[in-house]
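The data below hold one chain only, encoded as structure tokens and taken in the form predicted on its own.
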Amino acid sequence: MIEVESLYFKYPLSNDYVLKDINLKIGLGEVVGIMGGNGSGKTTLIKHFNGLLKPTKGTVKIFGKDTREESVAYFSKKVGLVFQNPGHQIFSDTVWNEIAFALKNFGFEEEIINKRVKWALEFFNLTQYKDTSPLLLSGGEKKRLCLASVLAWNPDFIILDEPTVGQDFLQKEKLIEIIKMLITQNKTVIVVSHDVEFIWLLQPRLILISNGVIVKDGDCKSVFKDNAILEKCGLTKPQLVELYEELYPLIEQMPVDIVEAHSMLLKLLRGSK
């Protein structure tokens, strides 16, 4: 569990707090979306979830351990963070070694390392690049490599910072499948994203941040009904929510995906004949 109590944070040489009085708990098995405008504090917040940043005031605890009392290395095995920019994460000479690095660092046996690297390469469609420099991959392939590198060591918490940037529709669907698979394994997935359509398909617990303050924390559907909060955070509504609002009360519930929307519209058309 991640527990945040009265968290305030400001960067050195700055007088302004980036995060102000953040209080939240995130348990195992949850899917959590974090959204807000540019500069709202989203990435700064998630960097507290594995000890990369330490609170200026307040506390952050991971499985009961205060992040100020242990090293980043201590928390990294339990909390995997996939950065928005792959260039901040990739450094090995080959794709194989990139995935294997953390496994070796954590002391896994060679047989297990080989199995997990092979699984990650196949699962993320990167096998053909195993001996290739990561620097030669496309932007989307680099994002998949970063995710593969984190999932290979099987952390309890997986944090994804803008995971859909550079990904096409099929890769976004694949990512949804991955997240659902992780949930069945009682993993916690935290997604920071501007992609409202992706977040809507995911249907997470949704946390909205504005100017370093949590302004909304609730289920996805209730959050996207709150026009005032969305406007405050500079967010638009997903297209399926807009469709629902245009057709309500002819349809009584918000469609989660295109398939569900299609089914609802067919029933509506058939009923009008």
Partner chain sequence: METLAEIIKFINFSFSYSGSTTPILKNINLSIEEGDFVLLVGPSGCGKSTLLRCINGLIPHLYNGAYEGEVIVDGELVKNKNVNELATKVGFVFQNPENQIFMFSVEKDIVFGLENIGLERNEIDIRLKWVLHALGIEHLRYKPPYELSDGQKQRVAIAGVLAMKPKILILDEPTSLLDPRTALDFILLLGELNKKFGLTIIVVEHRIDLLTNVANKIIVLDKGEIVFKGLLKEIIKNKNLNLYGVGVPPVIALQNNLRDEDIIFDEVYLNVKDFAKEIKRRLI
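Residue numbers count along the first chain shown, from 1. Bear in mind the structure is a predicted one, so any value in this text is a computation, not a measurement.
One more form of this protein should be noted, the form predicted together with the partner chain, which is absent from this view; the next part is about it.
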Could you tell me if residue 231 has a non-hydrogen atom within 4.5 Å of the partner chain in the predicted complex?
-> yes
Touches the partner chain in the predicted complex: residue 132 (any heavy atom, 4.5 Å) = no
Flag residue 94 as yes or no: does it have a non-hydrogen atom within 4.5 angstroms of any non-hydrogen atom of the partner chain in the predicted complex?
-> no
Does residue 169 reach the partner chain in the predicted complex, with heavy atoms at most 4.5 Å apart?
-> yes
The one residue among 256, 24, 18, 265 placing a heavy atom within 4.5 Å of the partner chain in the predicted complex is 265
The single option of 174, 118, 187, 194 touching the partner chain in the predicted complex, heavy atom within 4.5 Å = 194
Counting only non-hydrogen atoms, which stretch in 57 to 65, 202 to 210, 30 to 38, 215 to 223 is within 4.5 Å of the partner chain in the predicted complex?
-> 30 to 38
Looking in the predicted complex, the residues of 228 to 266 with a heavy atom no more than 4.5 Å from the partner chain, listed in order, are 231, 234, 235, 236, 239, 240, 242, 243, 246, 247, 250, 258, 261, 262, 265, 266
